[in-house]
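Just the one chain here, the form predicted on its own, laid out as structure tokens.
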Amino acid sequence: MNKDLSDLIVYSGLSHPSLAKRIVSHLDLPLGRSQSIVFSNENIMVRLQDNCRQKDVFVIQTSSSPVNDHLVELLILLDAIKYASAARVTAVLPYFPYGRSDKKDEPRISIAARLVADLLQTAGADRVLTMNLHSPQIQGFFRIPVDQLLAAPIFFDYFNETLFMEESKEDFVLVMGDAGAAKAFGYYSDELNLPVAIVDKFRPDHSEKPIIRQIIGDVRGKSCLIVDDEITSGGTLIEAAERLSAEGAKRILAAAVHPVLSGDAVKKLVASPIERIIVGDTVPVREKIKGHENRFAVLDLSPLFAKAILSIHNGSSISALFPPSVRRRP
């Protein structure tokens, strides 16, 4: 049963306003009115310009540069909304900050993803909506409900309606960036009915330059579609592409949900053997790829977020937003 949307307010921080505007356009709602002021001492003040009392409020803020500023702005937004007597506050984080810091794998380090979870709850979040977490265990860091969307349905539409129309699907093989990606993206193979190859690699340090030991699977004469959750510096992806090319791959394409593209990643990717890079828009990306649009395909993920927000507001299941093979899992 659909509830009246008059008690639903969606705010946006400064991290990705274009995504927020597209999300509310699908809901046929205006974006909530707020003002973020940065003082000369770099302190942030947030002023809400709507009455939030007993409203169902969603705050959209992704992890984009400057990451720490946007995280603090989100915390202050949540605090302001909570103290404005909102009935419920949902933090919408399309790309979760500090998602890679999800375990204590070295002495005397912080599990920063768990710290972020604590901060969000302390600031006033009653629940969290995010997409394609780097590690599913992050959901367990919270003591409030966390909904993790998968970008797969929109990526599958692109693959089926564009990629596999350009070239026979039988010519493709899915390439997983590592064993972890093979586990996380196993449903891609189920849904697309494609063979899989895995890049066997390890990281000796934090330099984002992995060492590739071998490619597990047959890629010779195939069009390789590398699948991963994010592209940061591009080093891992480029190393994999060069190895696939050396192994006799016919074409190399890549798909990633979160196009962080830090530093000179775009320049390096354009110079790489990768023919096309298909990404989501969980972080602002169009300015970064300006002048190289022919090498990138940016998919609009706002419909998934809008449907999820509506489902949460109505108290209905979001399972219909997941691929069938994921819904069938016990």
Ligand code: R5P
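From 1 onward, residues are counted along the sequence shown. Quick caveat, the model's predicted, so the values are computed rather than measured.
Quick note: we don't show the form predicted together with the ligand, though the next part is all about it.
- Contact with the ligand in the predicted bound form, defined as any heavy atom within 4.5 Å, is confined among 192-200, 228-236, 112-120, 84-92 to 228-236.
- A heavy atom within 4.5 Å of the ligand in the predicted bound form is found for one listed residue only; from 126, 242, 178, 147, this is 178.
- Contact annotation: of the candidates 183, 100, 213, 104, the single residue with a non-hydrogen atom within 4.5 angstroms of the ligand in the predicted bound form is 100.
- When the ligand is considered in the predicted bound form, residue 134 lines it closely, a heavy atom lying within 4.5 Å.
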